[in-house]
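There is one chain below, alone, in structure tokens, taken in the form predicted alone.
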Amino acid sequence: MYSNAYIFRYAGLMVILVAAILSSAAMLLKPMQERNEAVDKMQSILSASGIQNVTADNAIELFNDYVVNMVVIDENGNVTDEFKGAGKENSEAFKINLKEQLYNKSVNRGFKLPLYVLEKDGETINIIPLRGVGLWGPVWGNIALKSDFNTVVGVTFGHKSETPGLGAEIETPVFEDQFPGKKIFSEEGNFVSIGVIKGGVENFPADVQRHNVDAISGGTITSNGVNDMLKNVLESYVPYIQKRG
């Protein structure tokens, strides 16, 4: 029969041993996890630009081939950093935590935002990363704009835990394929974003159709989250776009 003191000592040692093993495993796996996250990010950026056949195996190579500039922009629309070399996953722009920067914006602190510039078939494409909140958790994505910083080339969306068959539909072609050709500025040059609305966009006048897409049926809160995400993030880039003329 073991004494209570022996049992407590043994249990304590086992807890310490298991904690040490788990900590070591986490440290060893961290570089692999960070690489996987970077690859996922690159795949999403490239896919929003309409680049086909992007896989985990070729994402880094394609990213460095297509991306010609990585830009960091402050809240006033000024460029604070640019990176045009190889190994773009190590640039300041790529490493920006968008969640933290948008929080800084929400509490009226200074913030920095990334912009990814691609060249595809002789055309310049500007990628803006997105981050917002859905029904059950964060939603995110990328929106690709032509060189006019107005016309949408494509989008990608993702989510953490939206409802399958409802809010989760934001990451399907049925929803994403509505965006190409939409405009984020009015014909007068005013920022209007892209709305996610109910009622069938095709039933509205042409000037409304130009700036809106259909909401997800049964996914009202997620649709509202995407709508708010687009407006909040895109308007943050307006000072930079306006400075470009």
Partner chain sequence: MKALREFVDKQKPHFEKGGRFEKLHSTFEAFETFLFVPNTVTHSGAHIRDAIDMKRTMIIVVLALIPPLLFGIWNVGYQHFLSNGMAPDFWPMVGFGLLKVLPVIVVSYVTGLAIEFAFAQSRGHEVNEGFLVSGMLIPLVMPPDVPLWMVAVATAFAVVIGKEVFGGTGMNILNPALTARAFLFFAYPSEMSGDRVWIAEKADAYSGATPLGHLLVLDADKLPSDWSMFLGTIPGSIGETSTIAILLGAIVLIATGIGSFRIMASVVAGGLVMGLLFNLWGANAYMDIPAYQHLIMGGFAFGTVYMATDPVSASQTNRGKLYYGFLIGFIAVLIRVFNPAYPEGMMLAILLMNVFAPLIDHYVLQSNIKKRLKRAKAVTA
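Residue numbers count along the first chain shown, from 1. Note that this is a predicted model, so its numbers are computed, not measured.
Only in words, not in the display: the form predicted together with the partner chain, which the text now covers.
If you check in the predicted bound form, is Asn142 within 4.5 Å of the partner chain, heavy atoms only? Although the partner chain is absent here, Asn142 would stay clear of it in the predicted bound form, with no heavy atoms inside 4.5 Å.
Would you classify Pro180 as touching the partner chain in the predicted bound form, given a 4.5 Å non-hydrogen atom cut-off? No, Pro180 is distant from the partner.
If we define contact as a non-hydrogen atom of the residue within 4.5 angstroms of the partner, is Gly165 a contact of the partner chain in the predicted bound form? Although the partner chain is absent here, Gly165 would touch it in the predicted bound form, with heavy atoms inside 4.5 Å.
4.5 angstroms heavy atom contact with the partner chain in the predicted bound form for Thr55: Thr55: no contact with the partner chain in the predicted bound form.
Determine which one of 128 to 136, 93 to 101, 76 to 84, 113 to 121 lies within 4.5 Å of the partner chain in the predicted bound form, judging by heavy atom distances; exactly one does. It is the stretch 128 to 136.
Can you work out which of Asn64, Thr220, Ser186, Gln209 has a heavy atom no more than 4.5 Å from the partner chain in the predicted bound form? Residue within 4.5 Å of the partner: Thr220.
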